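Okay, here we've got a single chain as structure tokens, the form predicted alone, with questions on binding and movement later.
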Amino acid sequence: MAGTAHAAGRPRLVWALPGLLFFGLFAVAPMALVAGLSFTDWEGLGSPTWSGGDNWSRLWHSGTMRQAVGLSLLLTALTWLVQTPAALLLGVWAAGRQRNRALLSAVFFLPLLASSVALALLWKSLLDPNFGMLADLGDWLGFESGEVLGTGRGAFGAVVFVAAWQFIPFHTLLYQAGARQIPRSLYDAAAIDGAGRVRQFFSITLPQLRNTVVTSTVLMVVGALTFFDTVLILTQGGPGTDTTILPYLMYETGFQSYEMGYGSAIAVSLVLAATAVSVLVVRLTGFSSMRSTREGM
């Protein structure tokens, strides 16, 4: 009976060992190694030399680092402000039964299937001031001679736009799945009471999707704070340092200047920042204590 009770209860720890070993080998161990390198001077060849807290002191007093942190936080905020409303509305629409919905959804989700590098190369060509689409439209948008990527405001806006164009479909899928779980009886009851579509959206759909909103927000925060490949291809951190966010600064320091120790300190700071912001979002929203939105139904 004891064995049967155990079999019907929680699984043994041994079943979690493969996942724990994988996580330890490919996540914990590399992070520990990078944390150790952050206290050394190393050019990528030879043996690292212990430098104590020099890299962290330099990091703390670096104006470039402060600018990169500010740009990363700005990118995170703009990512959420742009992607969340669009993904939410599109997800709720895609969960419906409109005519041609399946075909339009499939076309809309295509950017999600392409690699970030390929999309960055595509948009870099489209934004080229000589032969891109903005060669003629740039002046209409306030960019002289179509030099969108030649200005700090334009380059940063292009990064935000390309990121949104690629990843809104992913978050739309999350909201589509969440919206399909909302019981139809809630909308039928609201319709009987005279509530229109707008009132139903704010009184039923949004409250029922609050868990999905938090999940999407955490994924957006982590994604924005680790955003790299599009910046590398599209702007190379420029013009100047106007799009040098933390991940690009880490790459530039470690793999272009060969300051692996200082680059490791930036990497550890990035991991800590992403973790802290994610935990803060979960705490402030009360996500950890939320119960099912369908409780009692």
Partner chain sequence: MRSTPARRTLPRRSFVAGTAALFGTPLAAACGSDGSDRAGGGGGTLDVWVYEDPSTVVQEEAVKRFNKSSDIKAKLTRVPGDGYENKLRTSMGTGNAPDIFFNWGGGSIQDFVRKDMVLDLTPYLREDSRFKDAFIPSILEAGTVDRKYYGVPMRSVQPVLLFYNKDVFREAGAEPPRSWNDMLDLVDTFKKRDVIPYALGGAEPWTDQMWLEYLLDRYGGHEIFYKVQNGDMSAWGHPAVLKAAQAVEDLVRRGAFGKKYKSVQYTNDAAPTLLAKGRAAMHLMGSWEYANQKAQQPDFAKDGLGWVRFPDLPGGRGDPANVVGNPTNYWSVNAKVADGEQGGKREAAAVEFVKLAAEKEYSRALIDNGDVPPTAHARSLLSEHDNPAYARFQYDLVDKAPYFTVSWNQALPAKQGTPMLTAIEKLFNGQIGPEKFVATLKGL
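Everything numeric in this text was worked out from a predicted model, so none of it was measured. Residue numbers count along the first chain shown, from 1.
FYI, the form predicted in complex with the partner chain isn't displayed, but the following is about it.
44 is the sole member of 44, 30, 70, 52 with a non-hydrogen atom within 4.5 Å of the partner chain in the predicted complex. The partner is absent here, but in the predicted complex a heavy atom of 232, alone among 232, 271, 35, 59, sits within 4.5 Å of the partner chain. You can rule out all but one of 102-110, 161-169, 77-85, 119-127: in the predicted complex, only 119-127 has residues with a heavy atom within 4.5 Å of the partner chain. The closest heavy atom approach of residue 255 to the partner chain in the predicted complex falls within 4.5 Å.
Not displayed here, the partner chain is kept clear of residue 157 by more than 4.5 Å at the level of heavy atoms in the predicted complex. Taking the partner from the other structure, the partner chain in the predicted complex has no heavy atom within 4.5 Å of any heavy atom of residue 223.
Although the partner is absent here, residue 241 sits close enough that one of its heavy atoms falls within 4.5 Å of the partner chain in the predicted complex.
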